[in-house]
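Taking the form predicted alone, here's one chain by itself in structure tokens.
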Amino acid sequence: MKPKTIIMAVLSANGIVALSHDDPVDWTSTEDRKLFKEVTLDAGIIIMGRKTYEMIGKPLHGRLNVVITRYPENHTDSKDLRFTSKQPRKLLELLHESGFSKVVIAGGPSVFSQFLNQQLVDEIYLTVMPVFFHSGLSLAPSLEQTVPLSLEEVKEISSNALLLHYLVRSDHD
């Protein structure tokens, strides 16, 4: 068993999730940040890669922050912060056994790719911002397969941003 697994990301209208690996993504909206906080607090847990964690610079308050890294021994765990090198499937199994029924994957692109490639994602929340970037990082650059989606909801979360909520269909290629 595994908890419901949700990817949350903000992206430009041309599909860029960050300008670089250390982009603070300050080009998103207040409403998107509020939605992110609401969904992740509800889940009680957020999973991210080391580069995303370092870009944020601290654990996000009120939820368990799980950071995927090749070298967890180089980091120090605390009450709200855990470093792990576990593979996504095993990590989700352990989190389910620990009582988590829902988890949010918050990036970055490598982590998104890992969870999608292993067919572990149930839902995707994408906030689309009204900007095109000339270059940057795509959502899942190491995707190895097609991931079929069903559009669940389209919602205007600000005058300039749309939330696209997708369910991942079970008919993966």
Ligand SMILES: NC(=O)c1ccc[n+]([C@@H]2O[C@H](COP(=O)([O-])OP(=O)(O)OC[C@H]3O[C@@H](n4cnc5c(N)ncnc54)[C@H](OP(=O)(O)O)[C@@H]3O)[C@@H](O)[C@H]2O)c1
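The first residue of the shown sequence is 1; numbering continues from there. None of the values given here were measured: they were computed from a predicted structure.
Although not depicted, the form predicted together with this ligand is the subject of the following passage.
From the list 57-65, 101-109, 143-151, 37-45, the contact stretch for this ligand in the predicted bound form under a 4.5 Å heavy atom rule is 101-109. Using a 4.5 angstroms limit between non-hydrogen atoms, R70 touches this ligand in the predicted bound form. Proximity of V25 to this ligand in the predicted bound form falls within the 4.5 Å heavy atom cutoff. Using a 4.5 angstroms threshold between heavy atoms, L137 counts as touching this ligand in the predicted bound form. This ligand in the predicted bound form is approached by R50, whose closest heavy atom lies within 4.5 angstroms of it.
Taking this ligand as positioned in the predicted bound form, the residues of 1-34 that bring a heavy atom within 4.5 Å of it are, in sequence order, M8, A9, V10, V17, A18, S20, H21, D22, D23, V25, W27.
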